[in-house]
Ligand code: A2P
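Encoded as structure tokens, the following chain is the form predicted on its own, with no partner shown.
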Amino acid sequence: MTSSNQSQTVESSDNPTLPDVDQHIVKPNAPVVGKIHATRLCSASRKAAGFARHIEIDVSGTPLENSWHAGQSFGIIPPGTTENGKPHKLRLYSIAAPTGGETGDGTILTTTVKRLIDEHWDSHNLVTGVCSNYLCNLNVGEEITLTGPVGKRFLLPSQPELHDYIFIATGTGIAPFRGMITDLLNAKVKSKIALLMGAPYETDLLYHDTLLNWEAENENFSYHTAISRHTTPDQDSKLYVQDRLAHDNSGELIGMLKSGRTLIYICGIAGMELGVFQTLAKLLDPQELAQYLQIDPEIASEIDHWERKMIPKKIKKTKRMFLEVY
């Protein structure tokens, strides 16, 4: 899954080198127009607490065609104006497609979008996300204004076969991992690949059937779910994604964490990373932990009292930890 401009630097298993990717090919002041190619719900059930859609966009004939790497984002400019009469600002969305797009020729860009529907805590008025609902309301054939791609740090390494991978996602944080894992499986690397997917309810799991099929078809890929608001036949207590690391009965995940090959990628709602960091600090000895995190000695013995504001001043990730939260 490399492009002609990808870095050819030789890397070691403990020092990943990222590809040199293009950014901002399409700038916000000169966006291009794509067309909706497909749109469908991607939650495990229509009874899910929220509405999440897999949206495919045809960018053929535009500079965005065949221009992105899995892990990057693209921009959407919703139509209309704000209450102050100003044009809506650009919104960024993670690309859910592999590097070659849904069809392999770089023409179909995808993303995963959850509708924002809420109630204002003071006025009690309904609050709906401007861009998320605009996107989810679009039908096949309708046009959409796009920019991008964006991102040069949340990527697979240039030589993916040198590493194993633990991907940790909540909600639509699954989007970049759908593309990354597809790239790894298509490249037929022998690396171990584990995905930890967190959701409030089983019905909220995204791309669930697809991920189960990938697990059944690829012996090097494992899929682990963490349901936080109820128990399941496979989960006798409520779990967040970091708890799934701690409740690894097979020993697979802890074995990967202790390995010198493993890279950790985290994507999802802001705040989830702190729980993951605390769990890693409890599971690993100092030398093993140092592969992923550098901890200020002042807080090393007070793991349960860590706060998010300590990141990155007192808790710093290494080059083997990749983080994208929103």
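Since the model is a prediction, treat every value here as computed from it, not as a measurement. So that there is no doubt, residue numbering starts at 1 and follows the sequence shown.
The form predicted together with the ligand exists for this protein as well; it is not shown, and the discussion that follows is about that form.
For this session: Choose from 248-256, 99-107, 227-235, 146-154 the stretch whose residues reach within 4.5 Å of the ligand in the predicted complex, heavy atoms counted.
Result: Checking each option against the 4.5 Å cut-off leaves 227-235.
Exercise. Are Lys114, Gly198 and Met272 jointly within 4.5 Å of the ligand in the predicted complex, each by at least one heavy atom?
Worked result: Judged in the predicted complex, Lys114, Gly198 and Met272 all sit within 4.5 Å of the ligand.
Exercise. Any of the heavy atoms of Val241 lying within 4.5 Å of the ligand in the predicted complex?
Worked result: Yes.
Problem set entry | Ser132, heavy atom within 4.5 angstroms of the ligand in the predicted complex | No, Ser132 is distant from the partner.
Problem set entry | Any non-hydrogen atom of Thr170 within 4.5 angstroms of the ligand in the predicted complex | So Thr170 counts as contacting the ligand.
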